[in-house]
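One chain follows as structure tokens, the form predicted alone.
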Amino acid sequence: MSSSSAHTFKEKERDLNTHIESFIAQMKRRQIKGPHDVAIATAQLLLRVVSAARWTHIDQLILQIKVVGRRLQSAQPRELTCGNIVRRVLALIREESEDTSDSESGDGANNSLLITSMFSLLQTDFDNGNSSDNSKGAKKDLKPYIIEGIQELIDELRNSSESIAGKSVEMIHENETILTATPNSNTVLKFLLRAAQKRKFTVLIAEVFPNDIEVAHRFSIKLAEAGIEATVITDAMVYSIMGRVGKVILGTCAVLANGGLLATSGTEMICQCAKAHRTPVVVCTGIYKLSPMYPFDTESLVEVGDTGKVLNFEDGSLVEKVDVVNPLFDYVPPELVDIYITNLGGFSPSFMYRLVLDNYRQEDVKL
């Protein structure tokens, strides 16, 4: 390697490390947040990593991606989408490597038959040596194929909400009453807006006190601007009004391998009410939110927010006498969900493990 090329490589390495450190800092400061934004930012960073990486064997590239993935995941352990994208890229790399190996072994078998025929005809040591040299061939460069695969993954992430929204007309009926409890979900918003182009329906929005009250009101304004009759209701009204609800449509922060999900705090209570009234629960989610993790310890998955929103610290005498917890998310078990609407189609919770096997490799579950 010449000194100039070595110098250029070191510059690229420093530039890459700077981008990684910047990404980690933004994750810790919550400048990048939300499953969709985190997923795209992670995929773009890994695209840069693969483009700058140098390796002589595919295992070296996999190791580099895993090292970076562990650093990214440690920045915000409860943001499961980041780890999901790292694992998707690792699965993509392994698939490209296996396809190349299969192709080369097939070519090798054909070359072997050809060489055997030549040996039997020529029967000379010189021709035997030349035929052996010709059979080796140049090794396929995987980097362009891996980069193309990551770019396709980024396109999938960007178009996932639109793909899900395209199924809304099939799910929402004319003059139906819909209840949602995840007003911070852009996927649910697009789903309802697309359905409103061909259906007339009413949307009830649970305020999910105390974290998303303002978000719920902004959500209702966006629906109203599209001509949808939208009303924000208190959490206490959910059970009494559930009998008039046709469907509960929810977004999610993450879907786990057992078919359960993590969603806005208060979602589990709404799903319990829906089950009591036999109201279908529909969850809109991109496949990129599907995690190969199982909820063995649900408390470790749930992030806790500002307790001052639940009990004002000005009430000093009461604060000293009670323990206040403000979870930002709920774990909803799979038995409370009827169907997942994804960018690949509709699936029951019991089928999610199969999608995990299709999108991830077992050896990459633990980064």
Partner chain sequence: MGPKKGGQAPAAKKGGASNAAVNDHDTEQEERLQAIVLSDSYQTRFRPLTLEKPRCLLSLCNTPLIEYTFEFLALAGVSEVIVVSCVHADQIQEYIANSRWSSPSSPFTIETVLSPESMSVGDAMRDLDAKGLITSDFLLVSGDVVCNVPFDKVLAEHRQRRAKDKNAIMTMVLREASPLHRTRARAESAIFVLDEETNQCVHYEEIKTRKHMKQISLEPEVFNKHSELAIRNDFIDCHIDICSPDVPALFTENFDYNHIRKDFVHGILTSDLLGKTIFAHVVTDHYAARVRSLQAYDAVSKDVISRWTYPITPDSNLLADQTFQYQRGHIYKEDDVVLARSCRINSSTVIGARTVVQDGAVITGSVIGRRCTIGKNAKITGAYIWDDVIIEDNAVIDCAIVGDGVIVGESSHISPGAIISYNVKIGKGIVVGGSQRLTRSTGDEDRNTSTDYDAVGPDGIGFVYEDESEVEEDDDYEEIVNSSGLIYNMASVNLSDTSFASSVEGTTMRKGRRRRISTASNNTAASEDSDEESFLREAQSSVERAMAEDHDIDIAALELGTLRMAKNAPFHEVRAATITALLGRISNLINSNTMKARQAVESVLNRWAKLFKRQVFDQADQVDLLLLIQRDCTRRMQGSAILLHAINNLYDQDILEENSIMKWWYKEPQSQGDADMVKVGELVPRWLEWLTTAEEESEEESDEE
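Positions refer to the first chain, counted from 1. Just so we're clear, the structure is a prediction, and the values are computed from it rather than from any experiment.
Just so it is clear, the following notes concern the form predicted in complex with its partner chain, a form of the same protein that is not shown.
Colleague: Is residue 51 one of the residues lying within 4.5 Å of its partner chain in the predicted bound form, judged by heavy atom distances?
Modeller: Heavy-atom contact with its partner chain at 4.5 Å: absent for residue 51.
Colleague: I'd like to know whether residue 12 contacts its partner chain in the predicted bound form, with contact meaning heavy atoms within 4.5 angstroms.
Modeller: No, residue 12 sits far enough from its partner chain in the predicted bound form that none of its heavy atoms falls within 4.5 Å.
Colleague: Taking any heavy atom pair closer than or equal to 4.5 Å as contact, tell me whether residue 94 reaches its partner chain in the predicted bound form.
Modeller: Contact with its partner chain, no.
Colleague: Taking heavy atoms only, is residue 100 within 4.5 angstroms of its partner chain in the predicted bound form?
Modeller: No, no contact at 4.5 Å.
Colleague: Using a 4.5 Å cut-off on heavy atoms, which residues of 58-84 contact its partner chain in the predicted bound form?
Modeller: Read in sequence order, the lone residue that approaches its partner chain (within 4.5 Å, in the predicted bound form) is 78.
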